[in-house]
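As a starting point, one isolated chain is supplied in structure tokens, in the form predicted on its own.
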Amino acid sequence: MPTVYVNNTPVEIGADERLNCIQVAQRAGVEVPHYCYHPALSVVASCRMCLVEVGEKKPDGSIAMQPKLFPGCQTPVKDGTVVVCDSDKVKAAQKATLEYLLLNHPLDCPVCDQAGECGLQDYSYKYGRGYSRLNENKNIKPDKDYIGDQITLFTDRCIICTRCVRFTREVSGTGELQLINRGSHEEIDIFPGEPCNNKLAGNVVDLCPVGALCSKDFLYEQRVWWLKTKNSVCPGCSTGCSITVDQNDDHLYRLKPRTNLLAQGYFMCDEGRFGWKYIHSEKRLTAPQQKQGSQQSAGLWDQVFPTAKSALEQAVKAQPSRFAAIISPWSTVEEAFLLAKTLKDLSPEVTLALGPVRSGEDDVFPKTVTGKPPAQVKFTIRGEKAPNRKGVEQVLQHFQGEVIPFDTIAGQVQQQKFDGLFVLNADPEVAWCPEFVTAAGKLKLLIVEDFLANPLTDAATYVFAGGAWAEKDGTFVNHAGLAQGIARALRGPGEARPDGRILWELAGRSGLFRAATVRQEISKEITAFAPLILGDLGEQGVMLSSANNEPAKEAALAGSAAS
């Protein structure tokens, strides 16, 4: 195997791998500080923060070092390459680079949104000098609020790494951002009348290593060191972007993309990034409800739940063929499994169907001048606006033997083929069709488990106040068959409970609901989920190995390589 030496530590690399000094140093556990480099963008080597010493180990064991420093991002490695990241020469270069970057940088860290996660702060502490030799006034540049609807630019904080410019040219393909002027007057700007409002624009905030580009949605909302972070999955579409959920005091403040080459790569779309506000909607269900006469009344779980459970069991036992359940593609695999198994254990004649799935055309990036699809797709916003259709369909296929679409079951409800119905979760962005609500409201028993009040919950006999996706643990399976875990990042309002807990108790199981345990049970019962036998999905997720998903797996890997 080809071997590279980083600070005298041998690192083996693949024969076909094309790595630079930064990447191989990361494998050795060595940090090479950098600003302009990003693995998903072109290499420009402009910030000079990653300068390292490079040499070559000869067959006789001797080492020949180059006399000057090289930018680590732009310097490829091969068998026998020697990289030195901690010599006095390298440290002096790092200090000089940071001193240069700080010449005109304002010392406004206490009021900067990036404070606490700023690359300039971190590197200045680790590699910089504790003083500046500049005796001139700083070059102060005006802020630019017109950069975009979701982003604002604090121009004097910018270190001209050009990550944002390259992103809009190479990934989004829209090219709104550019560099203007030269020297110390160089700055980021937009073309007149062309703000950065593309569907991926929020990613430039993540890419900015300092506090120059900030999200208007998050600006001055919270100090980052107060935030609690959990890994999760964006529910906005079937891409299944890996994300982090940042909250404090059970209030969600922001979502950020989490690198996952098996899912979306490095970025996420603005629809997912800013589309979570319904979690704190005034329409949130805060307690279980029971219909008394024609009115809904909130009650305690100890009162409503046993009554609803008893009514469910009686309805199924009385006429099992006239009872159905609709499981939304917004439900987790565990929730779908628990409900399906519970009902089918009561009677195999119960009908299980899939909830409504919003669908449309995929939106691919980068955009091209001609409007035609790009030769190499770097990001896709899926037209299917459901996070777990594949996962729920696998459960339905196992228990029902087929996947009954929503239009079919809705038609049967309107034709009065059922007396009872259990509806699990719903798409928070789409209202139920009035005809279905009217027909469902005439049923003898209608149980709805959801987290937002809507016409269907108003018509229900019993309402279980469930949790939003960020308030529960479980599994989502994306378009390519990648199973990823979502984690409970915050608690729901009032008496609302995670859906997994509700269905666990509905099944009459003892103890507490634990997603990993249910996951293992599912893997033993449903062949498609066999790869989940360990229960732990890790940070990147687990690719399902069913015959249906093998082609999708190859497509996902090819897509991640493009990212």
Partner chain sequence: MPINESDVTWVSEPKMNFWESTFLPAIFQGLKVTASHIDGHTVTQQYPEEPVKLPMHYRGVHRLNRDDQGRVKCVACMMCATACPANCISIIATEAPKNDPVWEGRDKYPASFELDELRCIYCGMCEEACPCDAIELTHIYDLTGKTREEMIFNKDKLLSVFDQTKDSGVDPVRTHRGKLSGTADFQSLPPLAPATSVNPDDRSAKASSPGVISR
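In this text, all values refer to a predicted model and were calculated from it rather than measured experimentally. Positions refer to the first chain, counted from 1.
The next section is about a form of this same protein that is not shown, the form predicted together with the partner chain.
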(message) Can you tell me which of 370-378, 92-100, 395-403, 192-200 lies within 4.5 Å of the partner chain in the model of the complex, counting heavy atoms only?
(response) 92-100
(message) Residue-level contact is defined here as any heavy atom of the residue lying within 4.5 Å of the partner chain in the model of the complex; does R254 satisfy this criterion?
(response) no
(request) Please run the contact check for S62 against the partner chain in the model of the complex: heavy atoms, 4.5 angstroms, yes or no? (result) yes
(request) Report yes if any heavy atom of W225 sits within 4.5 Å of a heavy atom of the partner chain in the model of the complex; otherwise report no. (result) yes
(message) Please determine whether P106 contacts the partner chain in the model of the complex, using a 4.5 Å cut-off between heavy atoms.
(response) yes
(request) Using heavy atoms only and a 4.5 Å cut-off, determine which of S132, Q303, S297, Q416 is in contact with the partner chain in the model of the complex. (result) S132
(message) Quick check on this chain: which one of K385, H479, R157, R166 has a heavy atom within 4.5 Å of the partner chain in the model of the complex?
(response) R157
